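Have a look below at one chain only, the form predicted on its own, in structure tokens format.
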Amino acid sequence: MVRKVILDVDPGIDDAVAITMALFDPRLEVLALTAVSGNVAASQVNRNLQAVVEQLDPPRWPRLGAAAEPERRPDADARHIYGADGLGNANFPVAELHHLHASEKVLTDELRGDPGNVTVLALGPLTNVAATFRRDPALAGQVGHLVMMGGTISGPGNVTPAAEFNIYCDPLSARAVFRAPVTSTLVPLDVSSQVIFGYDLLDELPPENTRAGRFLRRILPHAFRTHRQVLGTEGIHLHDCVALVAVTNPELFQLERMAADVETAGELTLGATVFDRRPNRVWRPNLYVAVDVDVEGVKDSILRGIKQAGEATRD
């Protein structure tokens, strides 16, 4: 059975790879791609989302939702990893589109259109998801499943010692979504970081005579360079692709029902995800959390997804 999905994204190289996989996965019907400010500012995120779809040119274009600048711009972005434009400084040209709907409107329309049957995969800050639930609180109960990439269970953060990037960028929205009555799964940094790709990934990308191959070969080398220069690693993480696999192949993840919240006021811990794991726990469990992963199984799923995209985009 084909699963209807919306990807809420802030591309970002790893978002772009996840979009590439999702658009050509026969198990998925991508209803919409909604942009959210995060890795780069809203205006650039909107441009990047359009560029990804134009470069890949899938047979059926999903609806596109435009990001708005947040009221409080976080003091973090990912340009030091993904380039000034967020896509490895590829500076893809894009057509000028008019009358783009806001991301929260697109989310609202699609969830109302098929209540209970749409999976939302949130790969950036949770700004849009929280705004959608504020717009219509009943929509939280109409999401088939919400899968989020973000937070940490016990490992360090990647933007502060305590906080993961997506949650840190909009902790108030993250708290609102965590507390919403929605069936949700969190894929935290502890788990997604276990999946590492070495330089041999570049040899396994689709060839240049495919749209997916040309696109991925433009953006991924930059990620390898910056991971080595900035992070000191000889491989890259594709956190958002791991979260996508949690949608398509949930059997590869070990999940636990947990009680979670987000720190919204701490001087040193802003954006930290906090879990009540006391023996006499007071908080009620509110989401499923991935606590372990079949690393080789996930890597194989990602490689197969990239290969499928290549086969579907031959010139």
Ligand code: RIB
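When you see a residue number, it is the position in the sequence shown, counting from 1. All values reported here derive from a predicted model rather than from experimental measurement.
The discussion below concerns the form predicted in complex with alpha-D-ribofuranose (RIB), not included here.
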Exercise. In the predicted complex, do 6, 105 and 132 all put a heavy atom within 4.5 Å of alpha-D-ribofuranose (RIB)?
Worked result: no
For this session: Go through 21 to 29, 7 to 15, 287 to 295, 301 to 309 and give me the stretch that gets within 4.5 Å of alpha-D-ribofuranose (RIB) in the predicted complex, heavy atoms only.
Result: 7 to 15
Exercise. Even though alpha-D-ribofuranose (RIB) is not shown here, does residue 158 get within 4.5 Å of it in the predicted complex, heavy atoms only?
Worked result: yes
Problem set entry | 4.5 Å heavy atom contact, residue 143 and alpha-D-ribofuranose (RIB) in the predicted complex | no
For this session: Tell me, yes or no, whether residue 39 is in contact with alpha-D-ribofuranose (RIB) in the predicted complex, where a contact means a heavy atom of each within 4.5 Å.
Result: yes
Exercise. Closest heavy atom of residue 170 to alpha-D-ribofuranose (RIB) in the predicted complex, within 4.5 Å or not?
Worked result: no
Seminar exercise, completed: Note: exactly one of 223, 242, 123, 120 sits with a heavy atom within 4.5 Å of alpha-D-ribofuranose (RIB) in the predicted complex, namely 123
For this session: For the stretch 165 to 182, return the residues whose heavy atoms include at least one within 4.5 Å of alpha-D-ribofuranose (RIB) in the predicted complex, in the order they occur.
Result: 165, 166
